[in-house]
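Given as structure tokens, the chain that follows is alone and in the form predicted alone.
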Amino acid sequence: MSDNHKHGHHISTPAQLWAVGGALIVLTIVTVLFARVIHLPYPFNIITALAIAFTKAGLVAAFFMNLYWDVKFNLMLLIASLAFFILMVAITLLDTLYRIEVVPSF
């Protein structure tokens, strides 16, 4: 077997999984604090909430889905599928946000 095809399976340690789980809990508490206690002005509250959500999603994808240690092709597939989803949502929003108001005929 050549060196290019040797892929060992990574087994996460319990301490590592607890650390990532703890980080997710801390980020959830930070999200709740920003939603209920700390009031930011309009554009910054959405930007902060999305940044925390993307950080949590990245932690889950990297460590619980093992994309951090997996073949980088799988990470590329995840990023490509997210880009395709964003493209489809953007096309849908372009259709619905700039639609002419329909005047009923009755």
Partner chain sequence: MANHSSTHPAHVQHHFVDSEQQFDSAKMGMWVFIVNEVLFFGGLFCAYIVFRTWYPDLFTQAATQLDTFWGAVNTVVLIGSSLTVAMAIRSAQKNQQRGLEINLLITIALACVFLVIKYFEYSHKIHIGILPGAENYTFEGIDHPLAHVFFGIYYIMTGVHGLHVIVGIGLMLWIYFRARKGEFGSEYYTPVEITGLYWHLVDLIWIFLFPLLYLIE
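In this text the structure is predicted, and so the values were computed from the model without any measurement. Positions refer to the first chain, counted from 1.
Below, we turn to the form predicted in complex with the partner chain, even though it does not appear here.
Contact annotation for residue 39: at least one heavy atom lies within 4.5 Å of the partner chain in the predicted complex. In the predicted complex, at least one heavy atom of residue 54 sits within 4.5 Å of the partner chain. In the predicted complex, at least one heavy atom of residue 73 sits within 4.5 Å of the partner chain.
Contact between residue 47 and the partner chain in the predicted complex is not found at the 4.5 Å heavy atom cutoff.
Contacts with the partner chain in the predicted complex, taken as any heavy atom within 4.5 Å, map within 83-99 to 84, 85, 88, 89, 92, 93, 96, 97, 99.
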